[in-house]
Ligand SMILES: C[S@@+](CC[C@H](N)C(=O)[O-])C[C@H]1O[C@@H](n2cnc3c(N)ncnc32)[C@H](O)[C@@H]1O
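Next comes just one chain, in structure tokens: the form predicted on its own.
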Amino acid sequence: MARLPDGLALFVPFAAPGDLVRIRMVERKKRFGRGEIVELIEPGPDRVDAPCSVFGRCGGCRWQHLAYPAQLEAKRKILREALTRIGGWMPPEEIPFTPSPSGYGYRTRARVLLGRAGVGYRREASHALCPVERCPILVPELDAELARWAGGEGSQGRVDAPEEWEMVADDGGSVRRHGLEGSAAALPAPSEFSVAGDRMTISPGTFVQANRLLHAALHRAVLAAAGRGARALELHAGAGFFSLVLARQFEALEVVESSSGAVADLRVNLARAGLSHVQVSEGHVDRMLESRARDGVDLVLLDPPRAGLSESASAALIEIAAPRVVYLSCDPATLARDTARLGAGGYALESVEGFDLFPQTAHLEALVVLTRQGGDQG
């Protein structure tokens, strides 16, 4: 971001802090503008060369031109500013932030497009296909699979309108790919992952955190924040990434998940682990919260999608009045909005930390712990 002489904020993609650049204004609105770099006159201290040949054209990574320490500091600021401006909280100046062990070679899951032009990702600010032959953020086995596919293996399936496919690499190095959005391609066998000593089955299309290098650190942090107790409620449980250990830390656990595929995987994973005391509730979180009992829950753990919680779900959580709420989020803005609602209902911010699950992008994962204050503060 830069400032024009009249004070207008100007957002410039692919610029770096300290860059001296010549910019063309492409859009001007009342409160901000957008520009594009015409010439890089002098690079800033945090600018580096991007290793990807299609960086800037591909719509995936937008931060490969930034040194990794600068990426981490920027994400720390993004998280803190969201919690301050939107949430009204006073988080610490230096929010703990766990980096990815590697800024590249970390993604075990990726969605790609297959079309007549080849295989690749969507172009920057477009739905069009940007063909790629290699991708440096993929784990080596996925990158090799992409190279084989781009080399012609998938040419028979190429159609005029690009089809979306998903590729997944499991812990054993096996790669599976399947078509999405009504593709007629047969679904492959489920993938297998190991989490804290438990083997987990993940079917095609079921969500799993993409950065396997941080699986263990994220798992440890969330379960440590959850603690132990009598009864816990987990919302958006998925296939049970946290559920299996959470079930061993609480005498009773209810998990809620809306995806039927994820629920099927969750039941398989619970049975394999011998955890028969877990109540699995399939359905939308809003409806499940409306119909459940409102007392006796020691902990609520939630990991919602990017859209966060609805206003009614936030109100239901306040009604439940669990002493502790552990909220994992991939979107700082919706996290700040939702925790602000909980704060108005009697919760205080105990801790916040970040995890860089998505190097080379502006995305981050945040973990917030809220504790219920005494008395009715709603």
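These numbers were taken from a predicted model, which means no experiment stands behind them. Each residue number is its position in the shown sequence, starting from 1.
What comes next is about the form predicted in complex with the ligand, which is not displayed.
Taking the partner from elsewhere, no residue among F55, G103 and P140 has a non-hydrogen atom within 4.5 angstroms of the ligand in the model of the complex. Of the candidate stretches 237-245, 95-103, 143-151, 69-77, only 237-245 has residues with heavy atoms within 4.5 Å of the ligand in the model of the complex. In summary, among the residues D265, E254, E163, D303, the only one with a non-hydrogen atom within 4.5 Å of the ligand in the model of the complex is D303. For the options G283, G179, P131, G88, the residue carrying a heavy atom within 4.5 angstroms of the ligand in the model of the complex is G283.
Interface residue remark: S203 is not counted as part of the site for the ligand in the model of the complex, having no heavy atom within 4.5 Å. Contact annotation: N211 falls outside 4.5 Å of the ligand in the model of the complex, judged by heavy atom distances. Under a 4.5 angstroms non-hydrogen atom cutoff, the ligand in the model of the complex has S259 among its neighbouring residues. Residues of 72-111 include none with a non-hydrogen atom no more than 4.5 angstroms from the ligand in the model of the complex.
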